[in-house]
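Just the one chain here, laid out as structure tokens, in the form predicted alone.
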């Protein structure tokens, strides 16, 4: 094994010392400028500046980094401590096997886009422009998604024909684009660069069409399609320019065949087709929260209580001409009984519907009942404009909606006037929240944790280290306006292009490994993984290398230590601690993403802490095993500090919460073993909280 010590232009004056046989100590003046050659499979210890810097200089090596510059030189600590840190790192590396290099071949340069709304159309068009083959599938018989159902886009009320129709024109004139309608993903297998997808398609029913419309004239089935009446055979003026049968509502009475013989087929044929793709984009759009769940508002029971989409379609088709309307905000949103989060766009949707009705029917009285108004950005003017038009804003959330004498009655408090109100109305518009597309993400194996795929999309490791090859666009990521959807779709298209231009992805991202001889398939690790990276295959626990983020949380959960993280297995970490800790030391085990960075800042801000504080960087506070704490205490440590990210800010979602749970159990056990429970502390330490770190270790050192 090689130990490379950078003297940082002779600022680090480390004397020669013996690390034992087969350990070669090399002194380098400036590794920043003169990088040493290190083979990918070689195990090395690199001592010099902070790992935050050295990892960038040596990204593809099997190395343990020792921070001499910030933890020794700038702290004014002795070179004896430096030698201890290096020797402990050597002990750790002795027990580690080199990280396995992961290679993901990009064998297929095609992309699958799920969803033919405005996001999916934009992604497919951008990929086509750049020479990629794109397959776009849409579960409906027409392109356009939610936007195609709208009369206008918010906030100003621009018709979608300004946006959607040019986009469709660009799509259908593009090269290398395959379109499938009435189609969904049935099954997907494979990995980044090589997915095999089985598509399931329902027939259109209409074989040839001149758009004469006679079929709709004779169709006896009338449907309320989200506020707008239509027949069971219908047309949407987007693309394709052909009628389609609504199989869910068609009774196959055959009336349409009488006026269009031989060109309509009343058999819902289901076909399957296997396609391949190197990348997948989820662009499935908005999913409205089911307003029936908010029982006190009577949606589905009272005619006239409708969603924003239903209201807009009913008004613009002139099927609804109300004299008095109440628009209710946050229906199912920001409510612990329904959706705990804000869906971001609902306030704007409510304002848009208020503007729609005052545009079309200026005499209509409009009330908006809202806990508060979140018209972010430059759209505050819209709120003010509606006030000028006479729209009444009520600060409060209605308690119930009921029917009385043929009218709807909205009961609400108004915190502006401290009055209890009962407002009679012809229509009540519920501005609901939105939910993620659980069905599609489940097929793709993406864990949502009751939320939108923010964790999946927001990984700071990025696509290189987490090369899943699956991206999201538009409201599939989080509810978004058309403008933001288009921007997001372009980012997704760029991500696909960046991925598919490569022939392979190589990474040394550490992942968990399972020793099948030790594993009892107890499944405890599965529930701890926030990334769905662990599954059972052929009755054995398997780690998906594409999904594992290398947090190490699952490895600590394993009761038999069958699961171990590359670079951080229990034996290696134990050897490092036993080598480093001496009687009276304070051992600080600090999360690499947050708390450890505070120690670097302490050095630059000229804070100081005692020399007996020994710091080891860990992947996550949730990866610290209580047995390692006991190793330190057995060696005589005065205290052990575990430092992690603040609650809800963990880089690995829930790792710090698991650390907290273990800390509480450990403290109980410490007392039963005769230790003071306060010798172990778990603290949330931000990356800039150098002073907090220093104060904590000083207090523990008293």
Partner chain sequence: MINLKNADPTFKWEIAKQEGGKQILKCFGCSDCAASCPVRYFDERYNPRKIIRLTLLGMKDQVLSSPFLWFCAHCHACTEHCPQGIPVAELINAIKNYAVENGYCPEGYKIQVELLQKMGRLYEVEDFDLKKRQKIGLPPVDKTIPEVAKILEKTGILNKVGK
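Residue numbers count along the first chain shown, from 1. All values derive from a computational prediction rather than experimental measurement.
The same protein has a further form, the form predicted together with its partner chain, not shown here; the description that follows concerns it.
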| 4.5 angstroms heavy atom contact with its partner chain in the predicted bound form for residue 363 | no
| field | residue 263: touches its partner chain in the predicted bound form, heavy atom cutoff 4.5 angstroms | value | no
| task | Evaluate residue 397 for contact with its partner chain in the predicted bound form, applying a 4.5 angstroms cut-off between non-hydrogen atoms, and reply yes or no. | result | yes
| Does at least one non-hydrogen atom of residue 337 fall within 4.5 angstroms of its partner chain in the predicted bound form? | yes
| task | Would you mind picking out the stretch of 183 to 191, 538 to 546, 327 to 335, 109 to 117 that comes within 4.5 angstroms of its partner chain in the predicted bound form, counting non-hydrogen atoms? | result | 327 to 335
| Though its partner chain is not shown, can you say which of 439, 419, 129, 571 has a heavy atom within 4.5 Å of it in the predicted bound form? | 419
| note | From 228, 242, 491, 411: within 4.5 Å of its partner chain in the predicted bound form by heavy atoms is 411
